[in-house]
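A lone chain, given as structure tokens: the form predicted alone.
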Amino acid sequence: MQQAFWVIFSACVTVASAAVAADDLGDAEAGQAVFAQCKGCHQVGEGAKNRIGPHLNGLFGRPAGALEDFKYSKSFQRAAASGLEWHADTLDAFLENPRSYASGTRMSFRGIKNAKDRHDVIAYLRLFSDDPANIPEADPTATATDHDLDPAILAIQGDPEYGEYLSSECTTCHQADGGDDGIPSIVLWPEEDFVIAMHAYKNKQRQHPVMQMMAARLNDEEIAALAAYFNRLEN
């Protein structure tokens, strides 16, 4: 049933009269500014890597869920099985309401409602698909590795079983199945990103009173254990 839905939905998007065509792409320069909403999770450009979300180089024409070195949610695995590919029209529909388009996605992003903004960011992403051998230099602010955390802390190998034992306070708010109902998912985060984020709360570099309180209770080994546990959760 789920696969049939994807086949029908993808076909509807393709033929929809409101779908954006390749010739209707927006302003790539303006799209770079819109992409600021995305770069907390996605990297694009030279040296881009998978982080919380997959990198977006070579996105156009790429089947959904196709990067072998990124662990996708079951929602996108179903989309891949249906044959969904990323083009201007499918990206336009997805960016308008990601969670409606891909029920069960781990993305906390609620979408871009303004059509011009969507077309602009699609045009910007198109720059990184035209010629993969000549991808523009990455925006240095898009990297998740800019931090002053002690490398020794990042090198701690967390115990996922211990992380599971510690996880009950996290899962009172964050859904262990990777779902997102107003609270961002933390399932399958890269361990380094999880550790950096938790220490940022602990050091009050990130402003969220509840998370600051929770992180302050944890030592370095406990944070590493939680990172290892949530990174390995299936959803």
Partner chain sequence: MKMNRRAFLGKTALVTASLAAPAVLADGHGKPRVVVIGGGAGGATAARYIAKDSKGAIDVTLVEPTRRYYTCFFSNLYLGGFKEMEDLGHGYGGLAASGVNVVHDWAIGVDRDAKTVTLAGGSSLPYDKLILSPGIDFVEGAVPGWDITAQNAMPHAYKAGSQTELLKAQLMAMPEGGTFATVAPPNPYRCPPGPYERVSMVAHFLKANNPTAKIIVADPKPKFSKMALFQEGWANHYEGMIDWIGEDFGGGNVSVDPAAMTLTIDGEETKVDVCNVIPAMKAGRIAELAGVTDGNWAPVNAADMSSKADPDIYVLGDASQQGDMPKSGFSANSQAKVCANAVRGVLTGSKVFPAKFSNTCWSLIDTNDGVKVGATYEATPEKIAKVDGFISQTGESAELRKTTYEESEGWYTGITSDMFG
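What we label the rigid core is the largest C-alpha set whose atoms superpose within 1.5 Å from one form to the other. All values reported here derive from a predicted model rather than from experimental measurement. Positions refer to the first chain, counted from 1.
Although it is not shown, the form predicted together with the partner chain is what the next lines describe.
For the residues 93, 127, 80, 156, the 4.5 Å heavy atom test against the partner chain in the predicted complex is passed only by 156.
This chain is displayed alone, yet in the predicted complex one of 72, 86, 109, 162 has a heavy atom within 4.5 Å of the partner chain; that residue is 162. Looking at residue 206, you'd find every heavy atom of it more than 4.5 angstroms from the partner chain in the predicted complex. Taking the partner from the other structure, the partner chain in the predicted complex has a heavy atom within 4.5 Å of a heavy atom of residue 218. When the partner chain is considered in the predicted complex, residue 50 lies well away from it, no heavy atom lying within 4.5 Å. In the predicted complex, the partner chain stays beyond 4.5 Å of every heavy atom belonging to residue 25.
Per the 4.5 Å heavy atom criterion, the partner chain in the predicted complex is contacted by stretch 165-173, the sole one of 59-67, 29-37, 165-173, 42-50. If you fit the rigid core between the shown form and the other one, you'll see the Cα of residue 88 move by less than 2 angstroms.
Relative to the superposed core, residue 153 shifts its CA atom by 2 Å or more between the shown form and the other one.
Taking 2 Å as the criterion, residue 70 does not count as shifted between the shown form and the other one: its C-alpha moves by less than this amount when the rigid core is aligned.
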